[in-house]
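First, one chain by itself: the form predicted alone, in structure tokens.
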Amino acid sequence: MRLVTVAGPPSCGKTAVLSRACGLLAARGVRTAVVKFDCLQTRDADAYAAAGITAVAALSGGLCPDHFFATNLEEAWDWAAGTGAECCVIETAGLCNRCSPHLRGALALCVVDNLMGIDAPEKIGPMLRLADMALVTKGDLVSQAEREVYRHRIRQMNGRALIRHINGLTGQGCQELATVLSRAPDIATVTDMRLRFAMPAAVCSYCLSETRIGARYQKGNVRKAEFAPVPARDPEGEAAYAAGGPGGPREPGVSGERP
């Protein structure tokens, strides 16, 4: 069975794109099964069902959805195989930009959208940097110049990925995506496969449901930020500034130095 991991920030259009592409695969006689890993709630399984795609949702609750994915991948694989699918698509919520569900030896896709801001590709992290293909949505809502700049920013973060503009609503680019999915590597089992990027090393008291704030409640892997010291106050300088001294505020309409 073929395996594809799909990651991306929330509401970037992952489900719309995948449901359209998987529907096109079904028209070609290729059966897919989709597993959606999310946190608190999702209606994506219903969206896939409406498109005629076999799908199931798994909610991680208080856990990171990508950690939850890694600990449940074998079971998800077995479920997909039990449906008779030829291609298993794993869609994750992508809530943590430090995590990535991509596996060595499996096709890895990252979905981003043009409305996230031009600096977004730099912030997304390994789910984009280690992807084989970057799918850019909502390009119809920005100018051609903005699309080109965004594409350049993606290329700066991932120099080898195939970049394609795609639209799950109109179907733009979905035929090509369906072809890519149908040619994903065929995998016998996910057991002993390896993640492309290690999950964050964070097992602290807050990971274990601690809610109280304070150093005495912080146990385990805790990292403290370093804040620059605050400059010493100069009361006399502050008073002179407030009174309109050099560099201080002036009355409306007054410019230049005081006589």
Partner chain sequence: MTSATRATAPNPADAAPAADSDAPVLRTLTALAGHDKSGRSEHADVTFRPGEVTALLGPTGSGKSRFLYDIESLADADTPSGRRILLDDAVPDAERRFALQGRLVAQLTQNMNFVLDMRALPFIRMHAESRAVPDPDATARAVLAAANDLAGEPFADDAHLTQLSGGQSRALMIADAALLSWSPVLLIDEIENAGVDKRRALDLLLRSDKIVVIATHDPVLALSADRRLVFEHGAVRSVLRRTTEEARLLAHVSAMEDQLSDIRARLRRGVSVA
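Numbering follows the first chain given and starts at 1. Note that the structure is a prediction, hence the values are computed from the model and not measured.
The same protein also has a form predicted in complex with the partner chain, omitted here; what follows describes it.
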>> Ala188 versus the partner chain, in the model of the complex: is there a non-hydrogen atom within 4.5 Å?
In response: no
>> How about Ala106 - does it come within 4.5 Å of the partner chain in the model of the complex, if we only consider non-hydrogen atoms?
In response: yes
>> Since only the chain is shown here, I'm wondering whether Ser143 would be in contact with the partner chain in the model of the complex (any heavy atom pair within 4.5 Å).
In response: yes
>> Against the partner chain in the model of the complex, would Glu74 count as a contact residue? Criterion: heavy atoms within 4.5 Å.
In response: no
> Among Gly117, Arg147 and Arg196, does every residue place a heavy atom within 4.5 Å of the partner chain in the model of the complex?
Replying inline: yes
>> At 4.5 Å, heavy atom to heavy atom, what parts of 151 to 181 sit next to the partner chain in the model of the complex? List them in sequence order, or say none.
In response: Arg151, His152, Arg153, Arg155, Gly159, Arg160, Ala161, Leu162, Arg164, Gln172, Glu176, Val180
